[in-house]
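Take a look at the structure tokens below, where one protein chain is shown in two forms, each on its own, as structure 1 and structure 2.
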Structure 1
Amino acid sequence: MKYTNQRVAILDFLKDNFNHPTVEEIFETVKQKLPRITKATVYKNLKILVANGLIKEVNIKGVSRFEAKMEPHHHIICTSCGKILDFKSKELIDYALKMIENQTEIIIDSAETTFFGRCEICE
């Protein structure tokens, strides 16, 4: 995979952003640095970066969001405002993997859990 200006700008933005931005949010920010970039180019490059394991795509309520945090973690999502928080727990991952052990014909590599609730502001 080539490291183009567009891919580097997208990666730089995602490395410093922990809000799980949408394609639109990434496009608007990267466009400030690269005014000639199109939304289609951003979308295409996001798919390439995901396919190459450099970023993750998280689908929340049917909306694709992206993050550069690649270490295993979970998500906590407010069902009212859509706020997403990361939650790291090796114990939860280990427990989930132990529970599924020998239960499927698929070899499980990883596990992540999504918790849903309402944040303090929405509550």
Structure 2
Amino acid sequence: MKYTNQRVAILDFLKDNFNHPTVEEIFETVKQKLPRITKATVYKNLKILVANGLIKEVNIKGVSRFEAKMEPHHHIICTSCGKILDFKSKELIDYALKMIENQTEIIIDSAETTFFGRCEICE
């Protein structure tokens, strides 16, 4: 994979942004640095960056969002303001895996949990 300007700009943006931006938001921001970039290029690059394990794609309410935080973690979505918070808990991940291991024959590789609620500002 070549580290082109476009690719690096997308990566840099995601490394600094913890709001789980959508394709549209990534495109609009990167466009400010590289005005000639197109959405097709953003799409192609996001796919390649995901495939190379440099970013993660999360689907929230049918919308694709991206993040550069690679450690396993959960997402909490405020159903009032739409904010997406990260929630990391190794205990919870381990507990879930043990639970499944005990009750099924299935070998789990990864898990994705999304919680819905109201954040401290909105409640």
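Structure 1 provides the reference sequence; residues are numbered from 1 along it. As the structure is a computational prediction, the values presented were derived from the model and not from experiment. Rigid core here is just the name for the largest C-alpha set that superposes within 1.5 Å across the two forms.
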| property | result |
| --- | --- |
| Of the two forms shown alone, the one predicted alone | 1 |
| Threshold 2 Å Cα movement between the two structures at residue 16, rigid core reference | no |
| Residue 99 C-alpha shift between the two structures of 2 Å or more, rigid core reference | no |
| Core-referenced Cα shift (Å), residue 118, between the two structures | 2.3 |
